[in-house]
Structures are given as structure tokens and as C-alpha cells.
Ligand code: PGA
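One chain follows as C-alpha cells, the form predicted on its own.
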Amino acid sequence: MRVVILDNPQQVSLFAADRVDRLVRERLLVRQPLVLGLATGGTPLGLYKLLAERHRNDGLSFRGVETFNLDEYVGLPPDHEQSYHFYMHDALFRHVDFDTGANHLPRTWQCDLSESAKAYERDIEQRGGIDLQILGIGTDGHIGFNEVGSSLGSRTRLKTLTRRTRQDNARYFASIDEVPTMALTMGIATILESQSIVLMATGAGKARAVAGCVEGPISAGMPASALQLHPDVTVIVDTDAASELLHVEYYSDSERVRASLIR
């Protein structure tokens, strides 16, 4: 697991944007398809803003790229301002040049939720899996909506949201009573099948979760700790989110060595 500690949230977004940018351009150059896994929430907004700017100003094209989002609330229609369909359209999709039909989110409105989950898994498999998955992390260590206690072998499915998750997300709604109680989410095993994973975290409120993810025991009590089982994970954090890590000096030394080898 590579841990990159940067000074502020803007640098975290820039590092992630550079990673996505390079991969998109490389695949476009050789005309190979690319599948990105996307996340919602406050942390990826800076990443999406930079990608939109690079499309507008630097010729970054998303033609031939498909996307699969981690999750979607149950009970909100796609045009609801707090649905993740709406979030993704507003934050990224409408600003760049994805092909029609290239963006996928779990269907949760007026459908059989169990069948929708199975169909989402099939759709990912049919594209050959996710090449690069972007993740955020909840204050309790959840990834996607894989709440505390989620099976490390879980697939896309319906999950009940914890009270803490609903409280964390209540800032986007008029009141906590309006926050949905359930979501359809990629499972932990689904996420771990991605070829590469980038986890972004900023702020002191995420410090405990980041420490548990990177240095804690692998446990369903800290779902993000399952990322330790993956061979290609990059954790990008600011200094506040890194404040409870025990081995900051080692991570910083590793990045200096990496930079010297690249030069």
C-alpha cells in the first residue's frame, strides 16, 4: 500500500487528477477501453473539478471511457438533487465528453433492488472489470456504503446505513429525517477486484479511519482495512488526515526514494 501525504486538500485533488489524467491519455493513445470506478461525497469534488478543467483547457478527452459509481441511495429518483445520479451529472458528466450511455450508477428507483444489484455486477464483469477505482472513506472506515460489519467477501447489494453515516450525510439534506436509510452499493469483494485503487481522504475527521485502513488489523469492523489485501492501492491524504498514522516518516521516505528513481 502506497501512502502519499500532502500538505492540503488541493494537493490531494491534484495528485489524484494527475493519476487519472495519465491513465486516460495512455488508453486513448493506444485506443484501449478504460473503466473508471467513481465515488461521491465532498472529497472527490476537487478531483472532478480539475478533470473538467483539463477537458476544457488541455484536451483531456473521455471518449471511450466508461464509469461505474460505487453506490446510490434507495428512495431518491435520479433527478433528486441529493441523488448520486444528480451529483455525478452536476460535478463531472455534464462538463466533459463521455460517450452517451458510458456512465453507470446502481438503479434504485422503482425497480427490483435485488435484481438491480445482480445486473450491476454483471455489467462490471462484462466490461472486464474496473481499471481504476476512486474511493473516499467514511469517518467510521466504510468504503462505498459497506458499513461496519460488512463481509469482506460482499458483492453489490442492498445495505442499511448506520446512524453515524446518516448523521455525516445530513449536511446535504434539510434534516437527518430526509437522509435515506438504505443504499445499493458495490461490495468489498467487488471493489477489491479493481486493477488499481486510489483512496482520497482529507481533514482530521478522517484521521482515525485512515489509520485503521492503512495500519490497523484487517477487520469487518473497519471495512477499509480490506484494502490491505489489494496489491495496488494508493492512499492520498493531507497532513490532517494523516495525523494518527504511526509510520509517517517511513511513508515520506518511501516517496522520496520513489521520486529519486523516477528522475
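Computed from a predicted model, the values in this text were never measured in an experiment. Counting begins at 1, following the sequence as shown.
A second form of this protein, the form predicted in complex with the named molecule, is not displayed here; the remarks below concern that form.
- Checking 58 to 66, 42 to 50, 207 to 215, 232 to 240 against the named molecule in the predicted complex, the stretch whose residues place heavy atoms within 4.5 Å of it is 42 to 50.
- Think of it this way: in the predicted complex, the named molecule has a heavy atom of just one of I188, I137, A183, I130 within 4.5 Å, and the residue is I137.
- Put simply, F173 is far from the named molecule in the predicted complex: not one heavy atom of it is within 4.5 Å.
- Contact annotation: H142 falls within 4.5 Å of the named molecule in the predicted complex, judged by heavy atom distances.
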